[in-house]
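Take a look at this single chain, the form predicted alone, given in structure tokens.
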Amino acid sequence: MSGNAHGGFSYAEMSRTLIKDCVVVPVTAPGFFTGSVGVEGGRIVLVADNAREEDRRRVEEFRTAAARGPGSCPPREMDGRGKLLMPGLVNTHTHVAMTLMRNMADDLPLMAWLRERVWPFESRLTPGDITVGARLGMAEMLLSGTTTLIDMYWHEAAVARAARETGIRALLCPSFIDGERMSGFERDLDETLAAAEGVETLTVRPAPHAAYSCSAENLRRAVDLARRHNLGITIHVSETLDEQRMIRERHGCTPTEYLRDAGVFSVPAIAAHCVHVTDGDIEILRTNGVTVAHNPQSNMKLASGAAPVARMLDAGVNVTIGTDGASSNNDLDMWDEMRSASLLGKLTAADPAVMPAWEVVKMATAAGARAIGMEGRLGIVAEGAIADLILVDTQKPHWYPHNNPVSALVYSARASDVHTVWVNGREVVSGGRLTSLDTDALMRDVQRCVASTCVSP
């Protein structure tokens, strides 16, 4: 397995791997156990609990079975003692190339942030710039244990290039707003579909920006395209009170009602934010099977408000976690996001029992898999599931004492604890280092990009 700064990830098939004697958080049920996990051909083929004699026998069979045939060899074995194995994290809402705008448009309300800083800067970006920014964001995410991202931007074919190079799993969502960007949207969608074709780890869906920036006609056009290609939709929903006010003044309803009436929820949909939603809106989300991507840190930083996540979960809505872009967060750290989701949820509900650690871990893994139609195949540690896995180092002071590893994942863990990352069974982070990119060269590329191309008039 090898890689270089821009040459791309090697997709040579990985040999059988056995991760032994680690703490396993399977997410298929509450709790954890000490055991071993075997991976082969991009799938999890063995999940064994050390406390069970039958499972210990199965581990020995996995270790020796490969040596029985001609030309075969035993699996690679990794010592998992002192480490925790769990599904890779699923970031359900981000704008990955906005890493280029990290720390350049801070301390502004959303509409001023968009109109005065973000949109003018983005108008100067080229597809090459977007690939550079996407590489940076994907490197940050992989190193911190995020194995899947849902990206919402334009020139998504350029983002697809970075995803292929890094080996990350991505749902690529070409976006548009009314006006000039709408004119190139269908071309962008076609180019992204072509870039993702034949790549197992890449999928696509269109992404109208929001109810306030897209007409009903253009929303219906996006839905028609989604149906034509058998895709879903991703869209911002009810992020601010300003958005609520604009839609009520224009259409006499909430943004959620407006999008329902425009047919947006007639296809599989991911609604980012959902900060200001009524009980009626929550029922619309539930009955239409809409996934909510909760972005607590971005919502706090832009003073957008706190989404009623506990109420949505109680109603049966599939709620997941996203970081939003690095311009409004300012990182892509899902561990920080999980902790913020739990603490903000407790504060908002005035109830310390809501948003417990177990629920939040599910939101960041299995619920994210459900959002992209991969429930039961991704976001869990189970035999037959896809081997998107992370190994976390628990031998650090902030992990001790080892009372409850599931609680520690939400309330104590840090991005720097991630030791090894597999996507589709391929090791993309080893010993805390990327296998596919030269991060030093990447950071130099990013700085040159921002200093020259991106900031030129």
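On a predicted model such as this, the values are computed, not experimentally measured, just so you know. Quick note: we count residues from 1 along the sequence shown, nothing fancier.
Keep in mind that the form predicted together with a further copy of the same chain is missing from the display, and what follows is about it.
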Determine which one of 259 to 267, 379 to 387, 350 to 358, 210 to 218 lies within 4.5 Å of a further copy of the same chain in the model of the complex, judging by heavy atom distances; exactly one does.
-> 350 to 358
Within a 4.5 Å heavy atom cut-off, is residue 95 in contact with a further copy of the same chain in the model of the complex?
-> no
Look up in the model of the complex whether residue 140 has a non-hydrogen atom within 4.5 angstroms of a further copy of the same chain, and give yes or no.
-> yes
Using 4.5 Å between non-hydrogen atoms, is residue 283 touching a further copy of the same chain in the model of the complex?
-> no
Residue contact check: residue 103 to a further copy of the same chain in the model of the complex, 4.5 Å heavy atom | yes
As a check of understanding, the residue in 201, 318, 244, 99 with any heavy atom within 4.5 Å of a further copy of the same chain in the model of the complex should be identified as 99
If you check 182, 253, 114, 343 against a further copy of the same chain in the model of the complex, which one has a heavy atom within 4.5 Å?
-> 343
Give a yes or no on whether each residue among 108, 330 and 398 has a heavy atom within 4.5 Å of a further copy of the same chain in the model of the complex.
-> yes
Does anything in 411 to 431 come within 4.5 Å of a further copy of the same chain in the model of the complex by heavy atoms, and if so which residues, in order?
-> 411, 412, 414, 415, 416
